[in-house]
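Before any questions on how it binds or moves, here is one chain, the form predicted on its own, in structure tokens.
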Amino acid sequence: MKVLKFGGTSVGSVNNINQVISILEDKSKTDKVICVVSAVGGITDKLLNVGYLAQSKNNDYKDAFIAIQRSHIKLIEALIPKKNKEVITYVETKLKALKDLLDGLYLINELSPQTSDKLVSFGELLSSYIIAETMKSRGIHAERKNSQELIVTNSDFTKAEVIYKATNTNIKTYFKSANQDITILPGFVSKSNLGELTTLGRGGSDFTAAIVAAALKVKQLEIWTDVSGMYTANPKLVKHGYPIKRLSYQEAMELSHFGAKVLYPPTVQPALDLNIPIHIKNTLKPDEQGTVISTETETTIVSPVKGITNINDIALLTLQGSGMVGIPGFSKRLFETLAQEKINIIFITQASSEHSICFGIDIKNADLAKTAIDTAFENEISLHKIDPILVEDQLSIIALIGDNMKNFQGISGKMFSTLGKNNINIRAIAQGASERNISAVINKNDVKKALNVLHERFFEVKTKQLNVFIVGIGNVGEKLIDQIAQQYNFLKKKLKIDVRIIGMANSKKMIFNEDGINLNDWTAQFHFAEKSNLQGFFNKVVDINLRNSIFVDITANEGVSNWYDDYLKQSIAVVACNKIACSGTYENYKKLQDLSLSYNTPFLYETNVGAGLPIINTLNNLIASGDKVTSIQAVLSGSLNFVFNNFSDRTNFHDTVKRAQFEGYTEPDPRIDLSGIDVARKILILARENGGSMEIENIDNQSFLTQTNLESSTVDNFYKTLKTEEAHFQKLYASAKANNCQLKYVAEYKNGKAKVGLREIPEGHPFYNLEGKDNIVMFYTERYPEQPLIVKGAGAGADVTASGLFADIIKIGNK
């Protein structure tokens, strides 16, 4: 004999019911089948709601009843031939009884637990009847048996306790003589030993199936639902979650208790007592393997964690006070008070100091619990021995589940460090001595991120997802997007990094897609985008709340750089080619470094100096390895190097600068490059990375521009002054040529001092043959005292700057 249970979704539509019937027919070919069914999907909630409306004297209960009536009549009309009028008559009679009950509730203005049980029982009684009659109408040998005639309980309404001796006798007696191929049983419903209608509690249809399976000692119990088993994490929140092939009974109960809704926790116990395997299957995908729950389990070397789950809408209550220390009986009184109010405790932890007891309950019971506890401890509170109960809401519990976690070291550490790195604050922690469950209370807004980041840590070891938010979609931004799109498959396959761009913004508009922006047509999406603003962009990044988030600044805007500290405080990594933050005040530079360290969040800005060249990284590696940098000599402006490599007595300075700007080697305002301030910022950043605490004013900036150039008020006016001052620039070139030298704009740092300026570089010097837009940096250190460590290469241009930003993003992914 086989026992199958189908949930509300499985019987929630005509197509689904037909699928259920198909499964039952196939199963009945080899053995007799008992099928337990839930109410039609959503009906139980609707019955509770319509009862509440009637009790509240809200006339809307009539419309709510009509909706319930209509949904059942439509099912009959679609499933059963019209000639079977007796089916409609029977259902209409049952529905009239429901309407009479509701009218009574409206009149007496009271909905007792006993009446509530009678009210909600209509759901299963109707669904089971309709399914059984549908099968009969198709010539299938099926009968419906009312579970209220089989399952005997006490009178604890809404969640009655089963009297197993009488129940087992009834089930065995009935099925011993039943000769139909398929028996349909309504789940959830029962009857007390006094003949009162009772229910087994929400999720009780699973329980009904387990009771029947245990009474008949079947070889396996099948639970059919709308998912393909119990998942490693809720697939609605974690897209990479996947079905678990095998679970132990204990693991299944833990997962069920902590929110895995495909199984009702008490279901497991009758099956566990007799070692009856439970097979969870997908009604809509019957060929998929599903999950088997039994005494056997499977453990992978990759992770001993079997699942990650959560409970939402939790209130955390704390009883604390110095008067609790060393005084016995506080816990007893506390829990007795909650028990008297029938409040279930979901989570509990107590500090070893005995100064406080912290426990989690359903948020709907929070006010009742506070009132009851404050009343019970009124005397102690008045004497200031303990504080009034503290209630915190907007919380959820997340839990790691696995039988074998106790045999693996560091599971808790991995869990909490992973949450911490993603700015997920833990309010309370609990772990049983069995080490099968590690639970933590967190803000409910962090649940999705927490589940995903933990799933990635314990189940997706090979792939790390990076969620990127870009501000500044100019030449460099477009190149970065192209590079990410081009390398996406390579990174995922070779480096196990999944880089997704979630948000983009230019100066006018911004777009977001939590699942990742399609990089094949991202420009078109800006046509319908919302207006861009920095506050709105930040708020959206925080609200989306994704793991491993990275903010990328590809602007030269001070306003954007002012947001870095806000991102770091949210544990959102910052990658920037914008030099303003690191070359502003030393106080701000130090604050960002400290925030990065405090929140364990990367702040990377390799492209601040030398675009894609590993200049900052090389300097940091020298220092980290114990070397001491004694001086730095560098050509750090690709734009100025391009200008002086192309300027001669056969060209004019104005046209050369124009060409550099056209080819993207200068800032939009070329005065930033030509004034030397850009180079000054770069050597300042290197000085600070080397431990210096200097300000930009401490840099000796020896400008080669004339006073007229420097006093220009606009970019256009600046270009005009370049023409009028052409003789000045030709004089500079002539002097260098006469001395057989090349003009290079050089930055120097030595003995805690820095300067920048135009220099005549003689032949044979490493700077002499520096071509095009290239940069070069020479590090003189204690290990490289005479022959410096040299970093040389392209130091400007959209492609190389984008590649430097991309390298920083990948570096975060590899961390």
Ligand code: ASP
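Because the structure is a prediction, the values reported are computed rather than measured. Start at 1 and count along the sequence shown; that's the residue number.
Same protein, other form: the form predicted in complex with aspartic acid, not shown, and the subject of what follows.
The site is open: after superposition of the local C-alphas, no atom of aspartic acid, taken in the predicted bound form, comes within 2.4 Å of this form's backbone or C-beta atoms. This chain is drawn without aspartic acid; in the predicted bound form, the residue among T198, S205, T607, N641 with a heavy atom within 4.5 Å of it is S205. Judged by heavy atoms within 4.5 Å of aspartic acid in the predicted bound form, the contact stretch among the candidates 742-750, 66-74, 31-39, 767-775 is 31-39. Contact between E254 and aspartic acid in the predicted bound form is not found at the 4.5 Å heavy atom cutoff. Shown here without aspartic acid, the chain has no residue in 573-593 lying with a heavy atom within 4.5 Å of that partner in the predicted bound form.
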